[in-house]
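One chain is shown next in structure tokens, namely the form predicted on its own.
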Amino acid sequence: MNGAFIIASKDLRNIFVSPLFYVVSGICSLIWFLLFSSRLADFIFQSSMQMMQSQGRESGGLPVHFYVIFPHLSMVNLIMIFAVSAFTMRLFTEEKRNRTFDLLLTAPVTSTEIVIGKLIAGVGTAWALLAIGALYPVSLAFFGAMDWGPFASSLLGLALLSAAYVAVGIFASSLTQSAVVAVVLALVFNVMLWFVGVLADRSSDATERTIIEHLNVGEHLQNFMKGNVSLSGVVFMLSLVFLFTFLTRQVVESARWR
């Protein structure tokens, strides 16, 4: 697997020296800051109103995780769909545009190593962006007690789901030479993952509904954000990564025989 790590290190260097990464991360940071500040200000106002209405009576207060952190991480997830699609589109399309993809295919590395190398680079970039989004909730720990359990499980769910977004983005990037088409395809595929849950509401068969609900990305992510780390949720997220990685590997392998 040395070839995979060599490819990953090269792509990571290219991504982190690229202005695109800093533009995307800067825009994401600004959006997250504005929305988090607004949500936190509303939380402080609502907590103050609750204290005034209690008039000295004991009050449990508003849960900061579900009132501030949960909505913030949900917004982080939404932005990650667009951000991941933006930087994964370069992982194969840039190779094809620069005519280095053919050299990569003739190099002493397997198709599996090529795809895994691209996946490692994409996941590393996605998790770096996710770490930026996690800084805002972590800052609350300096001002009061924080429920670290649900926060940690939420980050685990987002990390796994971000890896799935990367796998989808790499697959889209492998299908075309156009960066714009790759972004559009990645967005379409990622959004389709979220619309599977809508089919459950329209199904009248109990077995069919159970199967569709298991394929519901939103349901699994909500369980993580509530502090429920289930084996089925972890396996489901990893299965998405494996599926789209396998599909990408098939596309790359087929390119060797053209």
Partner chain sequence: MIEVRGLTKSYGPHKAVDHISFSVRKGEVVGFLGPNGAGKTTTMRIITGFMPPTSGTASVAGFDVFENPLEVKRRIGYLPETPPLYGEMTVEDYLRFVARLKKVERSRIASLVERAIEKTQLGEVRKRLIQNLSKGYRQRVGISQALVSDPEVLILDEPTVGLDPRQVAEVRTLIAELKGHHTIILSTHILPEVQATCERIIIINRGKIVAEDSLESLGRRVSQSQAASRVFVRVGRASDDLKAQLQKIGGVRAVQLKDADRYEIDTDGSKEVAQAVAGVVVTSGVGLLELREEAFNLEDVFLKLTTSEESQLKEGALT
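Residue numbers count along the first chain shown, from 1. For clarity, every value in this text was computed on a predicted model and none was experimentally measured.
Keep in mind the form predicted together with its partner chain is missing from the figure; the text below concerns it.
J.: Mind checking whether each of S9, R13 and N98 has a heavy atom within 4.5 Å of its partner chain in the model of the complex?
T.: Every listed residue reaches its partner chain in the model of the complex, so yes.
J.: Is L105 close enough to touch its partner chain in the model of the complex, meaning at least one heavy atom pair within 4.5 Å?
T.: Result yes; L105 sits at the interface with its partner chain in the model of the complex.
J.: Would A159 count as a contact of its partner chain in the model of the complex, using a 4.5 angstroms cut-off between non-hydrogen atoms?
T.: No, A159 sits far enough from its partner chain in the model of the complex that none of its heavy atoms falls within 4.5 Å.
J.: Is A163 one of the residues lying within 4.5 Å of its partner chain in the model of the complex, judged by heavy atom distances?
T.: Residue-level check for A163: no, no contact with its partner chain.
J.: Using heavy atoms and a 4.5 Å limit, would one call Q177 a contact residue for its partner chain in the model of the complex?
T.: No.
J.: Name the single residue among V109, V183, M80, M146 that comes within 4.5 Å of its partner chain in the model of the complex, judging by heavy atoms.
T.: Of the listed residues, the single hit is V109.
J.: Just one of 163 to 171, 148 to 156, 183 to 191, 90 to 98 has heavy atoms within 4.5 Å of its partner chain in the model of the complex; which?
T.: It is the stretch 90 to 98.
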